[in-house]
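Shown here is one chain on its own, the form predicted alone, set out as structure tokens.
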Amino acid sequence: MEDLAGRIVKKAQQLGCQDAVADLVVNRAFQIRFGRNEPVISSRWRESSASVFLVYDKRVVATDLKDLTDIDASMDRLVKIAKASQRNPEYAGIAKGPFRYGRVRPDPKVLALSDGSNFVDAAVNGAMAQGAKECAGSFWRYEDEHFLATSNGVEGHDHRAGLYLSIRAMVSLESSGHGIACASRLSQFDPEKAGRKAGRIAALAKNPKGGTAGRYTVVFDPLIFGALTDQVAGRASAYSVLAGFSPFGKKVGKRVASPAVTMWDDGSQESLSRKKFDMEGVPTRRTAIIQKGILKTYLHNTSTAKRFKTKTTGNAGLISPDPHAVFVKPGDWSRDEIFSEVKDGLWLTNTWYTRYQSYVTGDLSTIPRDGIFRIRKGEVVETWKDIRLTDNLIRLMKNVVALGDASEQMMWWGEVSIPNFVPYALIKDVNITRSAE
């Protein structure tokens, strides 16, 4: 496979390309989907594909090749597409290698796993013990090997693996909860805890009534706070800024969050998306995004870094710079202290369908789901439904009052697209509207 990555790059150069990147991926994942409290489908993958990036006279093409049987013919087609494409005057190259990488290997206990049904049982039993009537979700064991080659002298190999479980627990059609477990080490994987949380929220969310619009002090569970920090990291990509998809334009060095908020990106740190290098082969590292509320940098690849007259942050994706994994520095509030601080407010546990009214200003809305609770003096007094959070990303981050003293790794569907290590958060003056408005 390592030779195949090099062959793709060499072929691109023979066809006249100035830059080329090939990332050969061997995927050995398996999945168990479960419904009505028991496994229903088990799937296994053993497949190889190649992510290819090439540049012909500043004409850029990027794609994934699923059929690797005739690389020469595939590259001929891609270069023809490049020749027919428009030039990208902003393109400024890829990183120059070679680079040295640390000796990081996946947990052998994760690699040795051949079944995950015991994890499904643990999660379902945990939810049922809390009062859930029915559970559904999925368990994944991820494993892939990457063989990277570039036209600028990079050769890299990375073996990645991790465990993930998502469980939805229900007591009735309107009473549900969601729990997440993810880890790259077997010893840190706790599906039963995820099940207990999903079941506890579902049992607490009985008989919801329509919520009331207004401004509230809100406790954000890690899953929904992770949806916000995921937005912050994604909008911090230099590509998002240049494309007009970010409220952070011209805000480096300026306040974009509460002084309580410090967050960084780090693909090298242990997480479900730990990786040695980005798509240009640059070693991953810790990059401060927000420090005590101040935006420190955008996330860059080589091309965007040259445009902003800075250095790459090691966040190159195939097309644009992207965050790898987001870490929020915990605060010094216990969970109980955060809830006790709320005299009259809400506790939100999950969300979906986060959409922007304006990317440039950061005006957005998102629809809370699962347990939505009215709390007074730290205690749940009502369960709500049918509300929408309608606010502004920067305003929300500036209104963070307190952060919990422990972070959890969250990742889920499209709302938390990459691992986000986040604590409970208390945010004041959050605008809540009715979901139909």
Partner chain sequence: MDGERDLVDFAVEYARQKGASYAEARFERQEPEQFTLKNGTLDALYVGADRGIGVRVLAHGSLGFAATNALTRVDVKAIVDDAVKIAKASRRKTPITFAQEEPITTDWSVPEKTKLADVTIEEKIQEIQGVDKAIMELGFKIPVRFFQLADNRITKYFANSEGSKIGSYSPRLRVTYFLTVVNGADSEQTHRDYGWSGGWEGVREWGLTNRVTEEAKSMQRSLTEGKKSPEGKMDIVVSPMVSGIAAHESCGHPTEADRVLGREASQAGKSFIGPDDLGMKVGSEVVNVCDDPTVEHAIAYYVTDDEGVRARRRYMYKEGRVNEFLQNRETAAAFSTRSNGASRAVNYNVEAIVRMANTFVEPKDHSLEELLEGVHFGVYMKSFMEWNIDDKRYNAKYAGREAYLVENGEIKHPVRQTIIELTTPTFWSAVDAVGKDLDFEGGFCGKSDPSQPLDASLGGPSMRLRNVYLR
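Numbering follows the first chain given and starts at 1. Fair warning: this is a prediction, and the values are worked out from it, not measured in the lab.
This protein has a second form, the form predicted together with its partner chain, left out of what is shown; the following refers to that one.
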Region of this chain that lies against its partner chain in the predicted complex, out of 284-292, 193-201, 131-139, 150-158 [heavy atom, 4.5 Å]: 131-139
Sort through 146, 255, 168, 274 and report the residue having a heavy atom within 4.5 Å of its partner chain in the predicted complex. 168
Could you spot which one of 379, 405, 382, 38 gets a heavy atom to within 4.5 Å of its partner chain in the predicted complex? 38
Its partner chain is absent from this chain, but in the predicted complex, do 24, 261 and 279 each have a non-hydrogen atom within 4.5 Å of it? no
Taking its partner chain as it sits in the predicted complex, is residue 244 in contact with it (heavy atom to heavy atom, 4.5 Å or less)? yes
Using heavy atoms and a 4.5 Å limit, would one call residue 360 a contact residue for its partner chain in the predicted complex? yes
Considering only heavy atoms, tell me if residue 343 and its partner chain come within 4.5 Å of each other in the predicted complex. no
Looking at the partner-bound form in the predicted complex, is residue 392 within 4.5 Å of its partner chain by any heavy atom? no
Could you list which residues of 378-402 come within 4.5 Å of its partner chain in the predicted complex, counting heavy atoms only? 386, 388, 390
